[in-house]
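Have a look below at one chain only, the form predicted alone, in structure tokens format.
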Amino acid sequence: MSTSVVVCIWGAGEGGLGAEAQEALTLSRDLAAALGADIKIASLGAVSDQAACDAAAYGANAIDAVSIDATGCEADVYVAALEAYFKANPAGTIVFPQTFDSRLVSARLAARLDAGAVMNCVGFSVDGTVIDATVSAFGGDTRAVYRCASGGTYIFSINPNAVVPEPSNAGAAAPAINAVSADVGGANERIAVLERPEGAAGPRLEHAQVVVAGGRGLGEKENFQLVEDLAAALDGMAGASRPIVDDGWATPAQQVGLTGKITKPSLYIAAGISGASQHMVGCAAAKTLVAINQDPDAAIFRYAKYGIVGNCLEVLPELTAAAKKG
């Protein structure tokens, strides 16, 4: 079995490694050092020269680019490809950035490899060969620790925004990219994607330093403009709770929470949001959380550093005017 900590990513293009991969490598680097191991990247798809340079800067010693001889690839083929790769290249410690794709793949891969699966990881400690994985739980306000006994295979998924990405060896020579083919056999996709939404261009909500999010307390769709106005005045981005996204008041790209974006801004303003645990998963890591709600007993106030008891339709315009003056 390989002594490497293997970080699994999806193909990395000319833009280099994304923030999620950088975060996973940052945590994996400390884990590998504690285990006396090196770091290998297993990429489903091609890896650009820029991505290889980024990988070296974040501590990767080797890169395997796993090619898939199939078309229309989705989760079923990805699972089959990684199963074939890891059966040919056994590893005891496998790490995924916890993206939408990896949520579909990592736990199923663990079942195929008879491995343990630990999701929502935010940190690690090592006692000899025993790994303690710290995970985010109950909306992000609680931490749990899973002890992973030595001798087994474990798959860890890194919670988004769990750590600030930090290169350890800027300017290091990029390792050679080793092309590896994976036999996916008769793997077929059981679900067909008929149409994909176009990804929004520009900044991403999960990387914003200021987020203003709205919920049911806005009353109606037209009032979401108040959230966008304050976000623009603060040079931030607008977010939303799942209920108003489901109702079409905001786009899925603006959804914050367990099934949306996981944010870690310096400032998060929640307007008309009750504070359900599913939403708090996406914003509990904010440095400063401000809540606006008419209900003084709303759960959101348990998480807020500052609370405003009032009608968000009245408070938001006042905050926007103040922000524009300042």
Ligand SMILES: Cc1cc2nc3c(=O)[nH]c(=O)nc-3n(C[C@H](O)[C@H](O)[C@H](O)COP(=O)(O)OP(=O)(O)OC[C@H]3O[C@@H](n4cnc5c(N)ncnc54)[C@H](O)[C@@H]3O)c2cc1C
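C-alpha atoms forming the largest set that superposes within 1.5 Å between two forms make up the rigid core. Position 1 is the first residue in the sequence shown; the rest follow in order. For clarity, every value in this text was computed on a predicted model and none was experimentally measured.
Keep in mind the form predicted together with the named molecule is missing from the figure; the text below concerns it.
By the 4.5 Å heavy atom rule, the three marked residues G257, D295 and G310 all count as contacting the named molecule in the predicted bound form. This chain is drawn without the named molecule; in the predicted bound form, the residue among G123, G217, P160, G92 with a heavy atom within 4.5 Å of it is G217. Contact annotation: the named molecule lies within 4.5 Å of heavy atoms from the stretch 295-303 in the predicted bound form, the single such stretch among 295-303, 24-32, 39-47, 57-65. Taking non-hydrogen atoms only, Q278 approaches the named molecule to within 4.5 angstroms in the predicted bound form. Contact annotation: R242 falls within 4.5 Å of the named molecule in the predicted bound form, judged by heavy atom distances. A residue is said to contact a partner when one of its heavy atoms sits within 4.5 Å of a partner heavy atom; I269 fails this definition for the named molecule in the predicted bound form, lying far away. The Cα position of N223 differs by 2 Å or more between the shown form and the other one after fitting on the rigid core. Core-aligned CA deviation for C53 between the shown form and the other one: less than 2 Å.
Core-aligned CA deviation for R108 between the shown form and the other one: less than 2 Å.
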